[in-house]
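In structure tokens, one chain follows: the form predicted alone.
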Amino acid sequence: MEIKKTVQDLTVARNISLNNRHFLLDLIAPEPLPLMLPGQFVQVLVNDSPTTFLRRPFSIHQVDYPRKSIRLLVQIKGDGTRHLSSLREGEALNVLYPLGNSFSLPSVKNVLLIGGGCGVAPLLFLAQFLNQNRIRPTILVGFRTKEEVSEIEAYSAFGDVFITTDDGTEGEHGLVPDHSILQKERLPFEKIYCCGPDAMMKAVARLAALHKIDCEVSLENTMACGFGVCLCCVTPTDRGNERVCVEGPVFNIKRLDWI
């Protein structure tokens, strides 16, 4: 299904600091939102940041169609995201959206969502979408430390949430793939969706393959244009090199040379 893309100036409704590395941007569109699906992303134009020349990609974190609102979860990494963290209510932000493909709707009920770091961003929209289709997923999220744990209440509205931290200050101590719910002889899940650092996703992909569980991952390759022209984000697949911003960002692990 072809989804119409648009470029609009959206209005900042709220800029919510979650901790010293992450914040939420609530953006209001001037007209009804186009259809968006979980896993898709936006490209944001960062004005007044001298070192930021290209749009920045962000997963769609949540959508509220009645309010014409899109929520983004942003991690501060450089000058561009630091500038976005200072946006105030009422300011305009130019956004190209929605871009990329999406997670598939499963035909099974026992679903696991796995996110690490800012890779948790697309999973809230996915959890909301699954709930609307009568699926309550299990959600496993990993952070570096307790101070970075965020959005747990939001995720808990849609599923049962488990947490890991690298330093053990919240939830289980260790990396996401080492969590106890993934260490059982027989995993109870029929579908896994995952987003986060490559090393984490590859470890999850190996577990999924071992237990013969269908698994989709959302890649976080560097994207410049967002619509397939610059070829900055290509990744090898079973069909050759494909553009993550167009053919992805979501891929079934069967299509990637990860196992």
Partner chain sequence: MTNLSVNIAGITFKNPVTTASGTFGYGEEFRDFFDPGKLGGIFVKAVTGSNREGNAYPRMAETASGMLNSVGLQNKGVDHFVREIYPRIKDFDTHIIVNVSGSTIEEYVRVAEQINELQNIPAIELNISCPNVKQGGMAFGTIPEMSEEVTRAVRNVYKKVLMVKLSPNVTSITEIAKAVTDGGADVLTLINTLLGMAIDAERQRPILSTITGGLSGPAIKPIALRMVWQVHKAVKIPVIGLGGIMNATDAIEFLLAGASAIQVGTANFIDPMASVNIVEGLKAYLQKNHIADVNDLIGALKTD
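Model, not experiment: these values are computed from the prediction. Numbering follows the first chain given and starts at 1.
Not on display, but discussed next: the form predicted together with its partner chain.
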Just one of 223-231, 65-73, 207-215, 33-41 has residues with a heavy atom within 4.5 Å of its partner chain in the model of the complex, so point it out.
-> 223-231
Note: exactly one of L182, C118, L96, V149 sits with a heavy atom within 4.5 Å of its partner chain in the model of the complex, namely L96
At the 4.5 Å heavy atom threshold, is H22 in contact with its partner chain in the model of the complex?
-> no
Examine V7 and determine whether its closest non-hydrogen atom to its partner chain in the model of the complex is within 4.5 angstroms.
-> yes
Using heavy atoms and a 4.5 Å limit, would one call R56 a contact residue for its partner chain in the model of the complex?
-> yes
With heavy atoms only and a cut-off of 4.5 Å, decide whether S17 touches its partner chain in the model of the complex.
-> no
Residues of stretch 243-258 in contact with its partner chain in the model of the complex (4.5 Å, non-hydrogen atom) = R243
